[in-house]
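First, one chain by itself: the form predicted on its own, in C-alpha cells.
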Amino acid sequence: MTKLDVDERWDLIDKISKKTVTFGEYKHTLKDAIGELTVKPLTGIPIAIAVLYGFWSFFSSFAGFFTDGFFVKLFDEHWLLWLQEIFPGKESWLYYIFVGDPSATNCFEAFGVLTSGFFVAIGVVLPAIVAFYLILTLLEDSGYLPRLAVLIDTILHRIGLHGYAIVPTILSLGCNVPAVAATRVLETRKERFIMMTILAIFIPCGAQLGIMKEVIPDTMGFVIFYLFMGYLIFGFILNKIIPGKTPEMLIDVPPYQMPTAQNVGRKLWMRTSSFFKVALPFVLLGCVIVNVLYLTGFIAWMGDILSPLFIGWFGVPSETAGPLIAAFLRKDLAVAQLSAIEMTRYQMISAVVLVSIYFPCVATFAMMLREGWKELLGSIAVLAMVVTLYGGLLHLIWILLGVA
C-alpha cells in the first residue's frame, strides 16, 4: 500500500465526499450566523480582538483582586511576621535560605523558601493560572477556539504553521509543558519543531504574566510587544531555513454550545492541580539553589565573568546573572528577583525580555527532550542565537532612541 502525499489525500477526501455527502434544505439558525461572523476576516478579526481583550481584562482583574486584595495581606501581615518571630538564628545561613532577609517587610522581597517561594506560587501564580485556565476552558467548550484557528490560519502559514498552532500557543500562556505536548496535533516534523522552539522562547507562561503584572505593570506592554514580534520574526526565519512543507488545515469546527459547569469545573481542576504538582516544587527548589549560590559567592562570580556581555551587549546590570540562573528552574521566580535589582525603566524591559527568551525552565526542557533529543539540540541552538541577537537588538533600539 503506497503512502499518499498531502495533495493526494485531499483529492481522495473530495472523491469520497462527493459519493457520500448529500445536500438538502437547511434552515439557517442564529448560531450558524454567529459562527460565520467569527471566521470571516472582516468581522472575525474585530471579534477576536474583543475576545482577547476581554480575556486579558478578566485575567488582570481576577488575579489582581485575589493577589492584592487577599494574599498580600495574608502573607505580609501574618505569615511573614509569624515566621520572623519563630524561626531561630536570624544571622544564620539556614534563616537566610528559608526565611530570607531579616529586615524584609514583605514576602516578595524576602526571597526565602517559605516566604517568597510560597508567596510567588500561591499568592501570585495561583490566581493567574486559575483565571487563565477558566477562560481557556470556556472558549474551548463553547466552540470558539476552533474558529479562532480557522481565522488565524493565513497568518500562521507565513511562519510555517497552520491555524491549529493557536492551540499550543494559547496553552503556552498557561504553561509551556502541556503546550509542548500539544504540538503533536501538528502534522509535520517541521511544524512541530518551529512551534516547540518559538513557544519555548517567546511565549511567557501564566506564572510569568502574573509576576510581570505585579512587578512591572507600567512596562509590561513593551515586554509583550517585543516577545510577540520575536515570535513572528523568528518563526518566519525558521520557516525559510528549515526544509519541508506546511499542509493545509483540516479541522472539525463544532457548532456553538453552552459550556456546562460540571465539565468546566473538571477541566479547571485537572489543569490547575497538575500545574502546581510541577510548579510548586521547582519554585521552592529554585529559592534554595539561588540562595545557596548567593551565600557561596557564585552569583557574584558569574556576574563578574558575564558583565562584559550583560553591560556591553545587552545593556543590563551584571546582577541579572542571578535571575538568569534561577530562570532555568522557574522563570516567574527569576522575574520576581529582577524587581530587587536597581535598573532604569528600559533596562528592566530588556532584562525581563532576556529572562523570557532565555533557556526554557527545566520542566519544559524535560518535556522537549521527550519529543526528541535532535529537536531539543536544534531548539537550543536557535535559542542561543535568538538570545544573542535579540538581546543586542533591544539594546541598540534604546541607544538609537537615546534612552540607554
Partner chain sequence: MKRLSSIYFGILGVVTLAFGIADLLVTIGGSGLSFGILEIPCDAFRGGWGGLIILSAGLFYLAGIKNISEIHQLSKVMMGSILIWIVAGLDIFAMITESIPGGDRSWFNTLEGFLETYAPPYTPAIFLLPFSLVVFYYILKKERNILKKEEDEE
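Quick caveat, the model's predicted, so the values are computed rather than measured. Positions refer to the first chain, counted from 1.
FYI, the form predicted together with its partner chain isn't displayed, but the following is about it.
Of the stretches 67 to 75, 203 to 211, 108 to 116, 82 to 90, only 67 to 75 has residues with a heavy atom within 4.5 Å of its partner chain in the predicted complex. Think of it this way: in the predicted complex, its partner chain has a heavy atom of just one of F62, Y346, Y358, F365 within 4.5 Å, and the residue is F62. Within 4.5 Å of some heavy atom of its partner chain in the predicted complex lies at least one heavy atom of P46. Using a 4.5 angstroms threshold between heavy atoms, W373 stays clear of its partner chain in the predicted complex.
Its partner chain is not shown here, but in the predicted complex it comes within 4.5 Å of a heavy atom of T38.
Its partner chain in the predicted complex is not approached by G378, whose heavy atoms all lie more than 4.5 angstroms from it. Contacts with its partner chain in the predicted complex, taken as any heavy atom within 4.5 Å, map within 29 to 54 to T29, L30, A33, I34, E36, L37, T38, T43, P46, I47, I49, A50, L52, Y53, G54.
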